[in-house]
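Shown here is one chain on its own, the form predicted on its own, set out as structure tokens.
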């Protein structure tokens, strides 16, 4: 027994001499570290304070906490409202003065439509004011299912899902599919709701220049090279392109046919936000897919709000059934918010009825958009931002003062000048510190089917007059 123990000891000593130097150094460091942990104190005594009670009280009285929020001037535009009395329809009463409405997104004039109001009132009497519960907790009404079915049929997709808040629609849809580790390619001009959805997804975001397909393809090629370096990771990484059909911040239409080509070339999915193009583009108002004649099945997910053309509240997503059903389990705005009030769902259904019965309404809207676009050309000091077919154009200063606040105040003076003379305009508003790519200050001019030629010419003439008076 003793001889066996000696033999083991001899082997240990021999192994010690034969071990590599780095191995011995590492083991030595570990042993020293263990000894240090065993004999070191686990806590440090706090040094005694020699301050008297009076000195402590004086320090406490002098201490001022950091402000909960940064200071904001009382003159900030967001704290000074233009108050509307009555419905914001074709004629709007703002701050007690009746104006022609060139500010509200009531593109098809459905907000004050008698048929829509009648259906909403009938639903109000039947169901009451709200729902007081999410869709999964007694918040699903028969009128919700009817609206989802109607939207799916109208958009010619397999299924649709509705949300009770337009902003939350795309902001909930994006993180329902794109997760940490996935890659999203996004246009720099993407609206704020898309940005918040991307933030919630915690995905890796790559921005491409606005409507620049060459820049997008450059990013896709770079990603393809990265994927070849690590094919195992690439197999489990999902890739998305997120764009708007008609950009609210620029008035530009996305080049959808080119996007679809890149989708199949680089094997990515396309999410299309159509809040500004739904009920506007296409012969029947189905949006940018109909406008370009693109097969809607080539788009993985379409979202839009019902707060513009449909003049209701909330939003919807549509696409293949398995894609939409996933949102019923993962869409935060769907799962946790009270469902859409039934009267607003009924109003949206009647709005769809009008859109289907009178497709000429979209031709009328396009003609008026073109007329407004032409009428606003050549105004001294202002340039028109947006394509002729967009119903929400922007007027931007040709030459900036160099100060965003000064530019904003100058444009506000133009808005007030017009409002005092019976034309209601609005300024585009942004959260300056939150926007990824902050757009320049602009005046937004909104076109609706209710505006007459005379009113359009009057508004354009008044804006020109204001520019000559204020920008001289």
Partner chain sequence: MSASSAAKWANGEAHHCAPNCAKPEKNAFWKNNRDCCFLDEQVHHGACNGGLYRRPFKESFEETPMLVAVFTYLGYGILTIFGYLRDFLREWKIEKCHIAREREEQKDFVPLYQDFENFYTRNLYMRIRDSWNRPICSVPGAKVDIVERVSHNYNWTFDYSGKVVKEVINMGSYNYLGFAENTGPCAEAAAEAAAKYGVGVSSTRQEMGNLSRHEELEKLVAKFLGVESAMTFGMGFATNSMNIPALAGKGCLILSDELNHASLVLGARLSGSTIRVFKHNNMQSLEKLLREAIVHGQPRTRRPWRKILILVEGIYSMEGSIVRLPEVIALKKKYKAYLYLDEAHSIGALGPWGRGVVDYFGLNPSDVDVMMGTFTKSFGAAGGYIGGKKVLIDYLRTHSHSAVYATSMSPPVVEQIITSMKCIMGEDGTTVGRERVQQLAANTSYFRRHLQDMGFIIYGNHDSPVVPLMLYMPAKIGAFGREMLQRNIAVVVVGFPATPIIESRARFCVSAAHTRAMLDMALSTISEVGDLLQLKYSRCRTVPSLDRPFDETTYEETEE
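Predicted model only: the values in this text are computed from it and were never measured. Residue numbers count along the first chain shown, from 1.
A second form of this protein, the form predicted together with its partner chain, is not displayed here; the remarks below concern that form.
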property	result
In the predicted bound form, the residue from 224, 82, 398, 212 that sits within 4.5 Å of its partner chain by heavy atoms	82
In the predicted bound form, the residue from 152, 375, 268, 186 that sits within 4.5 Å of its partner chain by heavy atoms	268
Partner contact for residue 28 in the predicted bound form: its partner chain, 4.5 angstroms, heavy atom	no
Contact of residue 403 with its partner chain in the predicted bound form (heavy atom, 4.5 Å)	no
Proximity of residue 208 to its partner chain in the predicted bound form, heavy atoms at 4.5 Å	no
Residue 88: touches its partner chain in the predicted bound form, heavy atom cutoff 4.5 angstroms	yes
Contact stretch among 376 to 384, 214 to 222, 305 to 313, 277 to 285 - heavy atom within 4.5 Å of its partner chain in the predicted bound form	305 to 313
In the predicted bound form: members of 106 to 135 within 4.5 Å of its partner chain, any heavy atom	106, 111, 117, 120, 121, 124, 125, 126, 127, 128, 129, 130, 131, 132, 133, 134, 135
